[in-house]
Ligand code: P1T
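Let's start with one chain on its own, the form predicted alone, as structure tokens.
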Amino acid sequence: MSAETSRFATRAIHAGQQPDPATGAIMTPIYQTATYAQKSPGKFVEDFDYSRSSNPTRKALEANLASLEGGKFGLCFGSGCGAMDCVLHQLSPGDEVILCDDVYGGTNRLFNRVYDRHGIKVVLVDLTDLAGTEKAFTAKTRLVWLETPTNPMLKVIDIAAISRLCKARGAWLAVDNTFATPVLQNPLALGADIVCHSSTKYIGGHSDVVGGALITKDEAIHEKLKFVQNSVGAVPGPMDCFLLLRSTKTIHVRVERHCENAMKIARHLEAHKRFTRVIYPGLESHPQHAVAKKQMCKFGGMITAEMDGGLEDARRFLERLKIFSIAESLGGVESLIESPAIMTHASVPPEQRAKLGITDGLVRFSVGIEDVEDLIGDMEQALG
């Protein structure tokens, strides 16, 4: 049995990587080189002629991530936004995109304040409403982009249902799987054409590297994306790729603990009088809990909750925490907390935030893998 056909945990550790043929090193070396010697003009080893085009460390990471997502092709980038940009470069002036109404603020900014200036029409749609989504398609729709769970409201979108709508109309479906990770959800198996990750988050897992990735099963789509990756050059360096390869080896055990801790904290918050609502896909109170149970094996490490006293109440709570750190980003082994309205989603227009329910009292938890009783104790002392 090869690493590529093994179960997830084995693929996480071995897929795309073999002991170094030169030395037998178990870990893929950091190929810190910009270029490669050619035996004769235009004759080089595999596809290694220049490291913007290909690098052995990056190639190992791309193969590893492709395997984890059940894809055939992986491409890595210097950030999640760099990965998104590669997909948007496939569009032409006059094309239309259906964008999930609740997405990371940087995603909203890239679609609505960068690409709209190039003749791309972006239509914001609540993709949990399938009838409304179907009505949003036009003859010019080329791409549907969604996150699930979404950021920060943790909506869960039925990937298979959206895929059917896309395929009937010849549009690509791209799914940002950053929150769910390939451990919990595999969009390609549910009909998506492209999976996107900010590998800064759970794939990296240690808050020490920034990166992005695209994975697909479709060779024609891969070739189009690869052309842009090479042409634009928003690629990660070999050290970043090495760090991400180190991290994918433990992603399955880390995500397991993230999920366990988040479920316990979500239930604790739901019973707490200081929070008026708690949003977590694993709670029976979540509006799309049934969809989450259908397409995810567990429910992730992200929780969103609203405090009863607005921004100042939330600010006092965050400032008093000792173990949770106030910080943007998510998915690291350490617990983080933030105020979306003035941090990660400050660039989203106020009227759009209000429509989504991103109030001033909203807080977003990235639950780490510390002892959960210590995390609950930290919250209690901060609330006290």
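Numbering starts at 1 and runs along the sequence shown. If you're wondering where the values come from, they're calculated on a predicted model, not measured in any experiment.
Beyond the structure shown, there is the form predicted together with the named molecule, which is absent from this document and is the topic of what follows.
Visitor: Please determine whether each residue of Cys81, Asn151 and Glu328 possesses a non-hydrogen atom within 4.5 angstroms of the named molecule in the model of the complex.
Guide: Checking in the model of the complex: Cys81, Asn151 and Glu328 are all within 4.5 Å of the named molecule.
Visitor: Just one of 122-130, 308-316, 209-217, 165-173 has residues with a heavy atom within 4.5 Å of the named molecule in the model of the complex, so point it out.
Guide: Partner-contacting stretch among the options: 209-217.
Visitor: Sort through Asp240, Asp193, Glu147, Asp101 and report the residue having a heavy atom within 4.5 Å of the named molecule in the model of the complex.
Guide: Filtering the options by heavy-atom distance leaves Glu147.
Visitor: Could you check which residue among Ser247, Asn108, Thr200, Gln295 gets a heavy atom within 4.5 Å of the named molecule in the model of the complex?
Guide: Contact check passes for Thr200.
Visitor: With a cut-off of 4.5 Å between heavy atoms, is Thr181 one of the residues that contacts the named molecule in the model of the complex?
Guide: No, Thr181 is distant from the partner.
Visitor: Heavy atom to heavy atom, is Arg11 within 4.5 Å of the named molecule in the model of the complex?
Guide: Contact check for Arg11: no, nothing within 4.5 Å of the named molecule in the model of the complex.
Visitor: Does the named molecule come within 4.5 Å of any heavy atom of Ser339 in the model of the complex?
Guide: Judged by the heavy-atom cut-off of 4.5 Å, Ser339 is well away from the named molecule in the model of the complex.
Visitor: Hey, in the model of the complex, is Thr344 touching the named molecule, heavy atoms inside 4.5 Å?
Guide: Looking in the model of the complex, residue contacts with the named molecule include Thr344, since a heavy atom lies within 4.5 Å.
Visitor: Can you tell me which residues in 120-145 come within 4.5 angstroms of the named molecule in the model of the complex, by heavy atoms?
Guide: The stretch 120-145, when checked against the named molecule in the model of the complex, contributes no residue at the 4.5 Å heavy-atom cut-off.
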